[in-house]
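Take a look at this one chain, the form predicted alone, written out in C-alpha cells.
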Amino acid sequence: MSVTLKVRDLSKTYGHGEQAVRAVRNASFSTEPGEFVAVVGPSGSGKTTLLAMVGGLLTPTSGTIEVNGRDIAGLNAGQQAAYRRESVGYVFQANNLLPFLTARENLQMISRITGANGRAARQRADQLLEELGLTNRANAVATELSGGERQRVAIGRALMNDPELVLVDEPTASLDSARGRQVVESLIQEVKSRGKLGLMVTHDMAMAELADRIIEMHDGELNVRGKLAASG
C-alpha cells in the first residue's frame, strides 16, 4: 500500500482577537509514497500541533490535509474517530503503555478496541515483537521494560492496526543517543518495510538526519528541505 500526504495552506489558531495564537501558519508540503519525514524546530514552533492535525486529533482553522486524496480536515467527529482508529498509528513521547499489562497485551489491546479476532491479534503482536527484537520480553509487564524497550513496544502498538500513517512525537526524548538511534532505526525499518508513511516530530537533529526529508518549523511556518514542496 502506497500512502501519500498532501498538506495545503494549513493553519491552526488558538483563541480569538488580541489573545489569538497562530500555532501553524499556511503550511504546505507533500510527500512521496514510502517516505519517512522528520519535523524539527524549537519548542513552541508548532511541530506537535501540525502532527496532531495530520493525525485527526485537532481540527485545522483552515486548509486541507489529503491522505490518499481524501481531505481528512473536513471530516466530522465520527469520521475523524474512524480515521484515527483505522488509518493512524501514533507513537507518543511518553509511550503511554498500560503499566499492568505485558508487552504482548499492550499490543493486543489495540486489536480489542478495533474488534479484531483474538487469535489473529496475538499472532500479529508476536510477529511485531519479533521484528522489533522483543520476543524474549513479550511476557514482561511494562514496568519491567527499559526505556528503549517501552518505546519499541509503543512502535509495535502503533503498527497493530496496519495504519496508513505512522505519526511519532519525540520518540527519543527520554533515551540516550545510542538507544534513541536504535528506536528510530527500528521505526524507519518498520514503516518502510510495510509501505507506510512516517512523520516524526523531534528536537534531535541527529535523529532527524536519519529521515528521508526534514521539515523545519519556526513560529508556525515551514521551511522544507528537499522535495516536499506542495504541488498541484
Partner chain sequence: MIGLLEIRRRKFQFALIALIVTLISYLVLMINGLGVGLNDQAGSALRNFDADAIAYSDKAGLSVIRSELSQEQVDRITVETDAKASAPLGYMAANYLKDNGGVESAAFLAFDPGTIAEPKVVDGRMLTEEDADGLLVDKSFLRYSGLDVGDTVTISVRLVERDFRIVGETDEGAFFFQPSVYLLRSTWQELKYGNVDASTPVASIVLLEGKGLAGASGPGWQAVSKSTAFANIEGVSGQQSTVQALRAFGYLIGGLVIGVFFYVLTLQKIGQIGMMKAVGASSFFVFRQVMVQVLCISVAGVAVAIPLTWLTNRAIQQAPNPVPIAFTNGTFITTSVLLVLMAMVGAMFSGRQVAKVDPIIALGQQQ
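Quantities reported herein were computed from a predicted structural model and do not represent experimental measurements. Residue numbers count along the first chain shown, from 1.
A second form of this protein, the form predicted in complex with its partner chain, is not displayed here; the remarks below concern that form.
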| item | value |
| --- | --- |
| Interface residue in the predicted complex among 110, 145, 159, 132, criterion: non-hydrogen atom within 4.5 angstroms of its partner chain | 110 |
| Listed residue (84, 137, 124, 150) with a non-hydrogen atom within 4.5 angstroms of its partner chain in the predicted complex | 84 |
| Proximity of residue 46 to its partner chain in the predicted complex, heavy atoms at 4.5 Å | yes |
| Any non-hydrogen atom of residue 99 within 4.5 angstroms of its partner chain in the predicted complex | yes |
| In the predicted complex, residue 57 touching its partner chain (heavy atom, 4.5 Å) | yes |
| Contact label in the predicted complex: residue 164 to its partner chain, heavy atom within 4.5 Å | no |
| Listed range touching its partner chain, judged in the predicted complex by heavy atoms within 4.5 Å, from 189 to 197, 175 to 183, 57 to 65, 25 to 33 | 57 to 65 |
